[in-house]
Ligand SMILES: NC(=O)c1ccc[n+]([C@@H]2O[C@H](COP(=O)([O-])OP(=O)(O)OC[C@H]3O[C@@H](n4cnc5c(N)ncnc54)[C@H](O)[C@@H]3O)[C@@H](O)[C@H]2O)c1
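For reference, the chain that follows is the form predicted on its own, supplied as structure tokens.
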Amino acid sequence: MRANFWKNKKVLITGINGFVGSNLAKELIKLGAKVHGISLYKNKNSLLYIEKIEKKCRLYNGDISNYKFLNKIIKKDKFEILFHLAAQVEVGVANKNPFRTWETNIRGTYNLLNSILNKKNIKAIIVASSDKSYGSYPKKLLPYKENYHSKAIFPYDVSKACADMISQTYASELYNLPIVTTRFSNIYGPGQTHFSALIPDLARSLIKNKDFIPRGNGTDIRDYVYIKDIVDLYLLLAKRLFKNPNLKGEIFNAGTNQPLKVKDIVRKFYFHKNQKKKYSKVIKVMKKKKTKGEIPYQFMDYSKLKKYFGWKPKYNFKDTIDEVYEWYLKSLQNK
């Protein structure tokens, strides 16, 4: 039934050459959708190119902060469903260059949504936000719930909170765009080639037999949700919104409800690969580190998704380590 829905649907994915965008495009193509994508540039290290997914899509290379570029694409092609995933996603980059991050994440969002105004052919728009849009809450008030107000301070977090507010405005009765906003925990899995992220960095360090350099003391608490769960959820939300416009304006959190300290993630990876001595060395380095520009506690409550759609994650971190490691092993063996 899911395949029948997606057959020949005309879909646009912004940020298609990113980790989530590539995996989403891969699944949509399997289901028979006509996939178009926007990316800032050709990233040959992306899953999109590694697995030759790009040969089955129509791609547009350009900057979403350029309104004329976006408007031309939206006018030309009669899309039915849109996934807005494009963003500058690296927290460290945002801290060093907030302007570029805000141009992409804030201007890019209102450029895109404004270009869609009065386009009756578009029936569902999924805007990817982040758990970081909530900002920092005391641990006792976590997990985050959808009705929490933003307390964002750091540049990346502010960019996602602003994009959320913009999306809510365009979904309001004033503009009536069919938008659902998603706020997900840290996503991991095959195809994640941003090695500034924890799990890709861990896998590469083990495979290349190099020291893992922690960026903090490992006490930050995070929730990690598997890419297959996220792709399934995006497809579910888009389909439900397409069929039920009354969902417009809704916000949904997703995670696993199994938060872990960063040092516990590191431990699970090293112990799983029988590298206990290396783990001990990493822990000694971690204890001397200080974490800057990061929210200390972040994990999500997904009860709203469960209530609306019966959704819950199928995968957990322990059971996916092998699949993740093997993907990086294959991907990095010739590099």
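Computed from a prediction, not measured in an experiment: that's the story for all the values here. Start at 1 and count along the sequence shown; that's the residue number.
The same protein has a further form, the form predicted in complex with this ligand, not shown here; the description that follows concerns it.
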Counting only non-hydrogen atoms, choose the one of 72-80, 170-178, 128-136, 206-214 that falls within 4.5 Å of this ligand in the predicted complex. 128-136
Given that this ligand is not shown alongside this chain, does Cys57 nevertheless sit within 4.5 Å of it in the predicted complex, heavy atom to heavy atom? no
Classify Gly62 as contacting or not contacting this ligand in the predicted complex by the rule of any non-hydrogen atom within 4.5 angstroms, answering yes or no. yes
With the partner left out of view, is Asn253 within 4.5 angstroms of this ligand in the predicted complex by any non-hydrogen atom? no
Partner proximity in the predicted complex: Leu40 to this ligand, non-hydrogen atom cutoff 4.5 Å: yes
Name the residue from Ala124, Ile187, Leu113, Ile199 that puts a heavy atom within 4.5 Å of this ligand in the predicted complex. Ile187
Run the contact test on Pro143, Val262 and Gln298 with a 4.5 Å heavy atom cut-off to this ligand in the predicted complex and return yes or no. no
Any residue of 4-24 that, in the predicted complex, places a heavy atom within 4.5 Å of this ligand: Gly15, Ile16, Asn17, Gly18, Phe19, Val20, Gly21
